[in-house]
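Okay, here we've got a single chain as C-alpha cells, the form predicted alone, with questions on binding and movement later.
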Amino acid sequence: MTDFPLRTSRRGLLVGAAALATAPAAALASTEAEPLHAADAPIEDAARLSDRISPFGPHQAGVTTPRPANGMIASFHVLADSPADLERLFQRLTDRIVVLTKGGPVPEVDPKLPPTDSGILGPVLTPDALTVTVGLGASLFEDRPWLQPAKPRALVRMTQFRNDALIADLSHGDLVIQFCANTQDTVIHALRDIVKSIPDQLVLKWAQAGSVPVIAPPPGAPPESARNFLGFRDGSANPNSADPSLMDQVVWVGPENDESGWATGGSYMAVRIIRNNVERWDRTPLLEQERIFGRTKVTGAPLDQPHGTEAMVPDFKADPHGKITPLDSHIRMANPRTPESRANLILRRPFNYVNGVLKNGQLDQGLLFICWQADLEKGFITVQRRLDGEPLEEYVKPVGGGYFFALPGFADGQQDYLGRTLIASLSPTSQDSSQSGPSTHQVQD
C-alpha cells in the first residue's frame, strides 16, 4: 500500500494477449502502445489459457512481470543436510517449473499406479501465464553451518513492528514459492504438483492465496491499478517495472549492493499478510478515509490534485504543513518524496485475500502484500519504520509473512538450474558438480 513516484506514464491497453503466449517475462510487460506494469489490474477478456511466460532469463519471472488475476505464497520447511542435498532440491524445482510453465499433455501411467498429475486441469496442462518464483528464508542459511557464509547480507527474519500481531504458523520459512496465474485452478495445481513431486525435501508450512479484480476500462482509457479491500487503488505511483534500468536500481541485486557474487540478479522479497478491519473501515467517513491514505478513493488522484488521475504525484513542498495532504497520511509517511527517500523505493505486487470468518464473527479479509527491492533494509524495512504509528493502523493488522531472497534466474540449458550460482559458491567440489552435472529439466520438459 506504500506510494511511490516514478511512473511517468500510465499503462497502455492490453492488446492481443494471445500474441504474447510464448514471450519471456520482460517482453510480456509491453504492448504495441505503452508498456504494462507489475501492479496493473488484469483486463477483462484479455487473458488466455495459452498465455505463456518463459521461466528463463537473468531474473526469475513473477517479479516485474505484469500481475495476473491470481496468486499464492507458499512457505516450506527444507530437508537438506548438505550442499548436494540442496543442489538436488534446486534441480528438482527447476524441472517442475519448466514443465508447469510450458504445459502439455499429462503422461499416462498404468492405472494400478498413482496418476502423475492431480488431474484438476484435465489431461492437457495449459500454461495460463503461470510464473513460479522461488525465494530463500534466513532460517535456511542460519540452521546450516555450511550455508551460513553464503547468506545474503540484508536477509533477516521478519520481526514485529508496533502494530503487528504475527502468528508463528503464518510466518517465516526456509523456502517460499510465489505462484501466479490467470486462473485460481492453475495456481492450486502448481502448488499440489510441487508438494507431490518433492515430498522428501519440502514440507509445507503455510500458504496464503489471493486475487486481484479483473477490470473493464472504458474504451480508449488506460488500465487502472487494482483496488484493495479498503476500496483504494493499490499500485498508484509504483516504480515503472517496464523500465529495465530503473528495475536494476530498485529491484535487482547488482555489484553496487555489496552482496556475494552468487546473488547478482536476485531480489529481496517482503511478504505481509495484512488483515483488514473492514467492518470498522466501512463505517468511517469518506473524507477521513481519503485523509488517512492521502489520495481520493474514486480516482486515486492525490488530494492536492483531486480532479486528476492516480498517475499524478502530490507536491509536498507546496504543502509543508499538511493542510491538504496530512503529514501522517499513508502516502506521505511511506514516501516523503525527499532526495533521501529515493533510496527506499520498492516495487509492490500485492493480492487481496479472503479467508472466511474469524472466531469473533468478523470477516477475515485483507491484503497479501508482496514487494521487491535490491536492499531489504533500505527498502521495505525503512519504509515500514516510517509508517509506525500511522492512522491507518487502526484498520489493519499484519498477522504473518516473512522476508526472503529470490534466487537469480536460470538459462535454458542442461547445465543451468535455479540456484546454481549459490551451490557453485559453497565449495570447489560443488562448483565443479554444478557446472558440469546436467540438470534433468530438459529431459522432462
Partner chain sequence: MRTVTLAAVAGLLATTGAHAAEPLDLVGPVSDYKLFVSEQTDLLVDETEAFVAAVKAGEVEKAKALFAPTRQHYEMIEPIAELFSDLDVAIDSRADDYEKAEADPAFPGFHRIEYGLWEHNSTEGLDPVADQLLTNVKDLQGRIESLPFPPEVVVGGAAVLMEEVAATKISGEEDRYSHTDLWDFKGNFDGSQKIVELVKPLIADQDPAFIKQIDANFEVIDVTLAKYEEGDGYVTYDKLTDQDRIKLAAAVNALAEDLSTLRGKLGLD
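Note that the structure is predicted; figures quoted are calculated from it, not measured. Positions refer to the first chain, counted from 1.
Beyond what is shown, the protein has a form predicted together with its partner chain; the following relates to that form.
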| property | result |
| --- | --- |
| Residue stretch of 255-263, 313-321, 100-108, 76-84 approaching its partner chain in the predicted complex, non-hydrogen atom distance within 4.5 Å | 76-84 |
| Its partner chain contact in the predicted complex: His307, any heavy atom under 4.5 Å | no |
| Non-hydrogen atom contact Asp282 with its partner chain in the predicted complex at 4.5 angstroms | no |
| Close approach of Asp200 to its partner chain in the predicted complex, 4.5 Å, heavy atom | yes |
| is_contact(Pro114, its partner chain) in the predicted complex, heavy atom dist at most 4.5 Å | yes |
| Answer option from Arg157, Arg162, Arg342, Lys196, heavy atom within 4.5 Å of its partner chain in the predicted complex | Lys196 |
